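We begin with a single chain expressed as structure tokens, specifically the form predicted alone.
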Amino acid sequence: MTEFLRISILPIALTLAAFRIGQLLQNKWKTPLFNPTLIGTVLMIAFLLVTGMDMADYTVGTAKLSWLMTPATISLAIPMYEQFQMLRKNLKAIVIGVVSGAVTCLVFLLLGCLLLRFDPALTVSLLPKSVTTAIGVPLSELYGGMGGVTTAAIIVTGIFANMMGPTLCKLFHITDPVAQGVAFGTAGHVIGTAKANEVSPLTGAVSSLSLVVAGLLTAILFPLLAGAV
């Protein structure tokens, strides 16, 4: 059984099947709780625990699938190109919104960790939670953080933004697609942007631009904040 689970194609098939189950549940019940990424993650964790499949084998088996994250992220430039005129028209508002959101997130997270007296390594690991793993994990590890914790924090943050973003926008009466896109991209990075693309093409384009600006800003500010830990 263990040898069978190590077949390279099986981890990919299981991962895609788990995500598909999440999509079917979401389509049936129309609730944020049945987020495909969340459901897929829970199902795969359960599968690994029940079968005893080695995490290293699973990681190796899904390496090709993980590699696709890079071109998938780059493809977010397509809606930016399609909405270029609107982005240029609202560029000032987008940049101000992203800077305000990113700085506020970093500062309040740092203050919260210091107030709760978190371990410095844990604090550094949590700081880049609102950027993509391609930026957050290297930053975390470079300054003594734990890559695994950073990855988990980034995924949880993105899932929360994906699940609760539309509800929070309605709650706070955020109806402008530019404002929605800034919120999704700044707070929820790629996973949040996936939901933004479902809201409207303009929201998705603004979210794509916002996650890039937020990532760059975090990379610039992170060394300063990590040094204060």
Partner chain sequence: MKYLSQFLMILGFSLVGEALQRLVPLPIPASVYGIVLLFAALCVGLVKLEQVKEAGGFLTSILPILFVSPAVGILENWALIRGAVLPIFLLVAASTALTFGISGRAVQWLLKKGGGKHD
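All values reported here derive from a predicted model rather than from experimental measurement. Positions refer to the first chain, counted from 1.
The same protein also has a form predicted together with the partner chain, omitted here; what follows describes it.
Heavy atom of residue 32 within 4.5 Å of the partner chain in the model of the complex: Residue 32: no contact with the partner chain in the model of the complex.
Contact label in the model of the complex: residue 198 to the partner chain, heavy atom within 4.5 Å: The answer is no: residue 198 has no heavy atom within 4.5 Å of the partner chain.
Contact label in the model of the complex: residue 204 to the partner chain, heavy atom within 4.5 Å: No, residue 204 stays farther than 4.5 Å from the partner chain in the model of the complex.
Any non-hydrogen atom of residue 194 within 4.5 angstroms of the partner chain in the model of the complex: No.
In the model of the complex: members of 150-184 within 4.5 Å of the partner chain, any heavy atom: In sequence order, 151, 152, 153, 156, 157, 160, 161, 165, 168, 169, 172, 173, 174, 175, 176, 177, 178, 179, 182, 183, 184 come within 4.5 Å of the partner.
Relative Cα spacing, residue 37 and residue 149, in the model of the complex - shift of 3 Å or more: The answer is closer, because the C-alphas of residue 149 and residue 37 approach each other in the model of the complex by 3 Å or more.
Direction of C-alpha distance change in the model of the complex, residue 80 to residue 199 (at least 3 Å): Here the pair is closer than in the model of the complex; there, farther apart.
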